[in-house]
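As a starting point, one isolated chain is supplied in structure tokens, in the form predicted alone.
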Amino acid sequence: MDIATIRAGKLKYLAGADLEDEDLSHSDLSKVNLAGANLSGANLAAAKLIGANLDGANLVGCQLTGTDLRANLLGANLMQADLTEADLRGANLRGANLMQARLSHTAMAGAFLSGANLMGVNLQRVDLRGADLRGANLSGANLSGTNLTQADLQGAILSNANLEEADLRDANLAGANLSGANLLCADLEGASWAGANWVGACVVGTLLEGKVEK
């Protein structure tokens, strides 16, 4: 595999390619087909992957700091990947695995994360405005101070998650599991929560204080 040719963005079809541990930092891989590719441990820092197809790709432990990942990552494995300051706005992450991924200062507004695995992930103060998180697993996740305005969390698993001071204005929490979650001083103005499970949740300082089963 000619890495220099790949880095130059001259190859547009790399589906199933083995690029494990390769240095592809600062490469322009926009619109490249990397479906099912093995990129575990690869360095893609500051790379451009706008419109790329990473459907089912293996990105375990991948270096993606500052990377433009406005791409198709359907079912991709991003476990332990470093996505610090990456751009995932509007990205398709349906069914993706993001366990133990680093997401500090990551832009995720409007991202499609339905069915994604975000269990225990640190999403503190991440921008998730308007994100699709239907059925996503966010159990034990840190969402303190996170912007979730107009996010769709219908049926999401948020058990034991930390949502302290989270912005949930106009969010859809219908059918979500918030058992044991910490929503201390979270903003729930305009949010919908029909059928949500609040058992054991801390709702002090919210619109729900005194209204839900403890």
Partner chain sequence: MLEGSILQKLKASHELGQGDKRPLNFGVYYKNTLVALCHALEDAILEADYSPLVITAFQRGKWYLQEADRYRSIAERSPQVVIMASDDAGFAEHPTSQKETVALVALEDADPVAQEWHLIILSPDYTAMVLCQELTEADYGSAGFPQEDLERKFYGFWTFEPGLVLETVDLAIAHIGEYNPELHQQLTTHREAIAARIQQDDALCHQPTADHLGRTVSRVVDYLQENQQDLNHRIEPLDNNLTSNELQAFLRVAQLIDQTDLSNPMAAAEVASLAEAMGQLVDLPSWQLHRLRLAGLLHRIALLDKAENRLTAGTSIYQQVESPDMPLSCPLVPGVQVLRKMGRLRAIATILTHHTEAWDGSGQPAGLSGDEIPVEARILGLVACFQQRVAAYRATLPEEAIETLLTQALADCRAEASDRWDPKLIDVLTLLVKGLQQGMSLPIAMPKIAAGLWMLDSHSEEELLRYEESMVDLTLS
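Since the structure is predicted, the reported quantities are computational estimates derived from the model, not experimental observations. Numbering follows the first chain given and starts at 1.
The same protein has a further form, the form predicted in complex with the partner chain, not shown here; the description that follows concerns it.
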Exercise. State the residue from 53, 172, 27, 147 whose non-hydrogen atoms include one within 4.5 Å of the partner chain in the model of the complex.
Key: 147
Practice problem: Choose one stretch from 111-119, 95-103, 124-132, 72-80: the one whose residues place a heavy atom within 4.5 angstroms of the partner chain in the model of the complex. | Solution: 124-132
Quiz item: For residue 206, is any heavy atom within 4.5 Å of the partner chain in the model of the complex, or not?
Solution: yes
Practice problem: May I ask you to state whether residue 166 is within 4.5 Å of the partner chain in the model of the complex, using heavy atom distances? | Solution: yes
Quiz item: Within a 4.5 Å heavy atom cut-off, is residue 46 in contact with the partner chain in the model of the complex?
Solution: no
Practice problem: Using a 4.5 Å heavy atom cut-off, state whether residue 19 contacts the partner chain in the model of the complex. | Solution: no
